[in-house]
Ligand SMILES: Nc1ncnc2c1ncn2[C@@H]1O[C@H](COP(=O)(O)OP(=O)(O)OP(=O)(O)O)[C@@H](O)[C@H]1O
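First, one chain by itself: the form predicted alone, in structure tokens.
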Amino acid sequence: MSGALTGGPGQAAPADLPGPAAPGTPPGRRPYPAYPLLSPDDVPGYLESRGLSSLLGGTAGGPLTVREVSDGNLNRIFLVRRDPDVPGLAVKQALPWVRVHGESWPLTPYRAAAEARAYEHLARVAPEFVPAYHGYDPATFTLVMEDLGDLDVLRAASIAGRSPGDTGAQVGVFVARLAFATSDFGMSSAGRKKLIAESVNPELCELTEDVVLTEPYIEHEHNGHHPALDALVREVRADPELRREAARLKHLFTTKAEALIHGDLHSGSVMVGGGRVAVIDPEFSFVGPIGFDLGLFWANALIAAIRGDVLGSSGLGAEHLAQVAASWEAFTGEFQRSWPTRADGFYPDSYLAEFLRGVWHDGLGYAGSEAMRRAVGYAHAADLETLPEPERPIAAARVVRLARELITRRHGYDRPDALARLLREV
């Protein structure tokens, strides 16, 4: 999204935010110290001050180029290179507000600390699926990591008509590695309690609870939809069964502390290219339901499948649909391979199938939550927004009906291949 807010070291974020939030206070009101907002001109000196300039490739002593690539809602991101053809470093700074709203929607920069903690865990259990991580600066809420500028965002690649290849399988392994290692199966009980305490991320969890799990089902200023969907949106918001099951999923999100999760694993958080899949932006990370990560990825694959179908690219649509099965098979396979190493042998082998069945049904429900949000809530999927008329409302209506079915009937689907029939029915 557009709406970048610039400022050099002389421009500080406001430090006079209130203390503990009162009921009804918007997310992001945790107090934080004033800190400088980096501009492109500041970045070379900033890297030098942190002793990281030596990590840049290219000719030593050559001039640095800094390119801002901030296109999300929450951060400023700079790619720094000494040689334009040699990937260098990415500098990511958390803004104290939502970019497209500015200071009218404050948001805690402490989310950068949650992202840093997540990268530290991922560097240990799934290093091949994340950018190389070079540390966190709490004074400026800034992370430095590998420059992935030569890769493409999965969503952009999908919109451009590229095949997803084996992305689903790799994402499934990624989720399984993180989930098992940080669950009661991969950690001691004491270690788990410490992880839960350290990984509390209240402001961004509240943002997810509001924007993804509540607001799409009510009238709210953040929502929006194509006018052709007016009747359908009124219908789904008046559906008591949908409201009950959406509330159930929200309650699971707030209480089911299964493992450390990425927390925002949509197709904009996955980079692809040259056979590599890299997952980025785990700032929403906390200890929550494993199915949430899978569900967000599945929703975006299903939306891409619907896009392909309405554009007449049924083969490409089928490839995107297949990502659900591929990721689930890879996830369960990796989890099963790790199972013999579980920290607590009290859990019998017979329990694993039951556990995985619960993750599957949670994942379907959260796929519905994400799909509903992307069609009628806040931050619509570009897969839908870039469609021409009349395909755009047709696709959006299919996404809404699919979301409703996944949320309310998720326990009736036990296999990924059932989703192909469901996509035809909606």
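The first residue of the shown sequence is 1; numbering continues from there. The shown structure was predicted, so the numbers you read here are calculated from the model rather than taken from an experiment.
The form predicted together with the ligand exists for this protein as well; it is not shown, and the discussion that follows is about that form.
Q. For the chain seen here without its partner, which of 216-224, 249-257, 338-346, 148-156 has a heavy atom within 4.5 Å of the ligand in the predicted bound form?
A. Result for this chain: 148-156.
Q. Is there a heavy atom of residue 77 no more than 4.5 Å from a heavy atom of the ligand in the predicted bound form?
A. The answer is yes: residue 77 has a heavy atom within 4.5 Å of the ligand.
Q) At the 4.5 Å heavy atom threshold, is residue 34 in contact with the ligand in the predicted bound form? A) No, residue 34 stays farther than 4.5 Å from the ligand in the predicted bound form.
Q.
How about residue 120 - does it come within 4.5 Å of the ligand in the predicted bound form, if we only consider non-hydrogen atoms?
A. Heavy-atom contact with the ligand at 4.5 Å: absent for residue 120.
Q.
Contact with the ligand in the predicted bound form for residue 92, defined as at least one heavy atom pair within 4.5 Å: yes or no?
A. Contact check for residue 92: yes, within 4.5 Å of the ligand in the predicted bound form.
Q: Select from the listed residues 173, 233, 280, 112 the one whose heavy atoms reach within 4.5 Å of the ligand in the predicted bound form.
A: Here the answer is residue option 280.
Q. Here the chain is shown alone; which of 287, 271, 324, 143 has a heavy atom within 4.5 Å of the ligand in the predicted bound form?
A. Checking each option against the ligand in the predicted bound form, the one that comes within 4.5 Å is 271.
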